[in-house]
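First comes one chain, alone, set out as C-alpha cells in the form predicted alone.
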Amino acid sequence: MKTLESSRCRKMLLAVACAAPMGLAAAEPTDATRDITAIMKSAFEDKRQATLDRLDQDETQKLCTEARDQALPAVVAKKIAEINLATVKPPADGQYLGDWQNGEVIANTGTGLQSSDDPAKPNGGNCYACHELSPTEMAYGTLGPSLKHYGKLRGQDPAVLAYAWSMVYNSNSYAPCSNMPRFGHRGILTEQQLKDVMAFLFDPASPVNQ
C-alpha cells in the first residue's frame, strides 16, 4: 500500500471511530466506509488465489460490521443465524466422522489461500491458532474456547454431531458474528477435510479426548 493511501485510510478509520461518540454514527459511517473500501481496492491487486473479491462483504459481514462495537441486537443475531444455518450442507453420505489422524494434520496446518501458498496443496484449518485441543499441545491460541476432551465430554449423539458439524461448516449458524472462519460455506476445507476435523474432535482415540 502506498504511503499516501495508508495515511488516507488511517484518517478515514479515525473519522469513523470518532463519529459515534459525537452522535454522528448514523450519518457519517456509510460514506466513510465507502471511501475506505475504495482506498483498499485501489491499494491491492489480485495475486494468485488472493483475489480482490475477498474485500466484498456478504450480507452476514455487512450486518456484523453495522453492529460493531456494540451488543448485537437479538433480531439481527437471529437473522444472521438463520442465513448461515441455511448454508450448512450435511455430509453427502450421512457420515460425520472421518480419519482423526488426518484431522490432526489439518488442525496443525496454517497454510492455504494466501498468495504465497501453493494452490495445489490442501488448505489447513489452523485450529490451534484459536483453540486448545490436545492436552499435550504446548502452544495454542485462546481467541476461541478450549476444545480439550470435546468428544469425551459430549459423546456422539446424532444431534451433537450435527451441531458440531454446523459450527465447523459455518460458525455463524450458531454464533452470529463469530471470528471463526466459515470453513465449509467458504470452501476453505473440503467435505472430507471437515469429516477428518470432526473425527479429531470426537474419536475416542484422538489426542483431543485423552
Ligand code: HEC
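Values in this document were obtained by computation on a predicted structure and should not be read as measured data. Residue numbers here begin at 1 and follow the sequence given.
The discussion below concerns the form predicted together with this ligand, not included here.
This ligand is not drawn, but in the predicted complex it has a heavy atom within 4.5 Å of R154. Contact annotation for G144: at least one heavy atom lies within 4.5 Å of this ligand in the predicted complex.
In the predicted complex, L201 approaches this ligand with a heavy atom inside 4.5 Å. Proximity of G184 to this ligand in the predicted complex: non-hydrogen atoms within 4.5 Å are absent; the residue sits far from the partner. Figure note: of the listed segments 127-135, 111-119, 94-102, 78-86, the one touching this ligand in the predicted complex, with heavy atoms no more than 4.5 Å away, is 127-135.
For the options N179, Q49, S42, T65, the one in contact with this ligand in the predicted complex, meaning a heavy atom within 4.5 Å, is N179.
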